[in-house]
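Presented below, as structure tokens, is a lone chain in the form predicted on its own.
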Amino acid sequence: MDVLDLSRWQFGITTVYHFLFVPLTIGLSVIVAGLQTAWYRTGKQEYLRMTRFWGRLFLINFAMGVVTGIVQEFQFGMNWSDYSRFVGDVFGAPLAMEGLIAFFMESTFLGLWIFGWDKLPKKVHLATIWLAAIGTNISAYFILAANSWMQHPVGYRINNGRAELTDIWAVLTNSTTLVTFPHVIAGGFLVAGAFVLGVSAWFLMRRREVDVFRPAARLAMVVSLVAAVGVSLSGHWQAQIMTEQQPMKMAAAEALWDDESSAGFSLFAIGDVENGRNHVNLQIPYGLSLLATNTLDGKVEGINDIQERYQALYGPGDYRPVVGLAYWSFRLMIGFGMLSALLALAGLWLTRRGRLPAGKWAYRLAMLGIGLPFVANSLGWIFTEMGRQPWTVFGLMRTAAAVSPGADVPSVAITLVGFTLVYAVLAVIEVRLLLKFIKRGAQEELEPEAPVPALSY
């Protein structure tokens, strides 16, 4: 491997690891805020216990997300300095706004929520968790605005070999951002729903605190189903924007080699990348044209034809991503997301009218189901970033030109191994902390004004 390959592996590993925490933080913050609102409005102790229980798990996850996110920023300077020089004027603006506005907002109000249980009026204290949750989602918007500029650059000019910001509003209202944000937020709620359902299932299987965890499980299943609908609708919209802006990514996602009208959606394909054709391709008729163009007879561009057009536009080179990776990550992302939704739907049926499943298989499936949307989210981002290759900034900067010229193989290899080992240790810490506080349960029957020592872990 050369410096470019090692740098890509390092950024990929740290980014995928970091994003394991992000969607859970996004979804769980709102769920906790909603539960505290229910307690504020009804005064029921069950809602208070749920707020405290899920709030502790949210805090653990939030802290780990902050720690793992810091490393990414250093990599821009260490391994991708030419990229930073080229895009810094544009890319830095939404990132600075995220830090100065969103992160300070969520961290400040989260601190007030942690330490304000016995010090702030109930209504003010409730407002702090909502403001923290809103800050978390605003943070996601700014980050996605920066990433969307890499997918579809807008609001800039090239001056002396650098991209310079000319219109911050264009960057923040990029059409790619507007379709990506609801998709990511809905994905976050799908993750949070599966997490709450799986943890609740562990208690329900043991018939522990049923008064708390049965309502939590039902809430989680409703959240999961609504989120699944949101993911599907926003994903459809996103596919149309992707077809327009990055047709090669969509073509690779479907292993579509030549321009085709009334194109089918591929379910399973065995292809020949070298010769640009499929040996086997099981399809849903008209499915791809409907997904990409909203019409049954719409034309979708193919890999071979796009490659010819890109060579004429950008010069000689291979503009195809890793087709097999794009194809299967896209399929598995959809598949794991659908399985998560089906699990929630089945759970609602099994727990209807006050029932609980008698056998343990349903609870075990719910616990295993925690991982489904996590994997789907990770595969979605792998597809998004790998499908853009060979570009770092689509149409402007190739990935090979973005790597630091002074980086060498030994230094990047050492830091790659080091980060991977550190992150493995952090994973152990995260899991042990979560298990520790999950096993405690929501036993504490706390008075509204009582302090919460369990939160000060």
Partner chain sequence: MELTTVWFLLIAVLWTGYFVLEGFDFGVGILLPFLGGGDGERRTIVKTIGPVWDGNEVWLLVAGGATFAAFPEWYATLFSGFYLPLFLILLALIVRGVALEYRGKSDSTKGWDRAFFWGSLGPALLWGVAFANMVRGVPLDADHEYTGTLFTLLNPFALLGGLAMLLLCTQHGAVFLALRTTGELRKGAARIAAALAPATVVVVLVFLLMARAGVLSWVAVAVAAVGLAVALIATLRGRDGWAFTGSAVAIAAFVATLFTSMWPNVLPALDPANSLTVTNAASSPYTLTVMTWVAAVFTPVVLGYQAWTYWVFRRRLTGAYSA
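As the structure is a computational prediction, the values presented were derived from the model and not from experiment. Numbering follows the first chain given and starts at 1.
Omitted from view is the form predicted together with its partner chain, to which the following refers.
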Open item on the list: Counting heavy atoms only and using a 4.5 Å cut-off, do 78, 419 and 430 all touch its partner chain in the predicted complex?
Closed with: yes
Task: its partner chain contact at residue 371 in the predicted complex, heavy atom, 4.5 Å - done: no
- [ ] State yes or no: in the predicted complex, is some non-hydrogen atom of residue 391 no more than 4.5 angstroms from a non-hydrogen atom of its partner chain?
- [x] no
Open item on the list: residue 400 versus its partner chain, in the predicted complex: is there a non-hydrogen atom within 4.5 Å?
Closed with: no
- [ ] Consider residue 10 of the chain shown here, and say whether it contacts its partner chain in the predicted complex, taking contact as heavy atoms within 4.5 Å.
- [x] yes
TODO: Only one of 338, 178, 95, 345 comes within 4.5 Å of its partner chain in the predicted complex by heavy atoms, so just point that one out.
DONE: 95
Task: Option touching its partner chain, based on a heavy atom within 4.5 Å in the predicted complex, out of 386, 126, 120, 225 - done: 120
- [ ] Please determine, with the chain shown alone, which of 203-211, 293-301, 187-195, 112-120 has non-hydrogen atoms within 4.5 Å of its partner chain in the predicted complex.
- [x] 112-120
- [ ] For the stretch 388-426, return the residues whose heavy atoms include at least one within 4.5 Å of its partner chain in the predicted complex, in the order they occur.
- [x] 404, 405, 406, 411, 412, 414, 415, 418, 419, 422, 423, 426
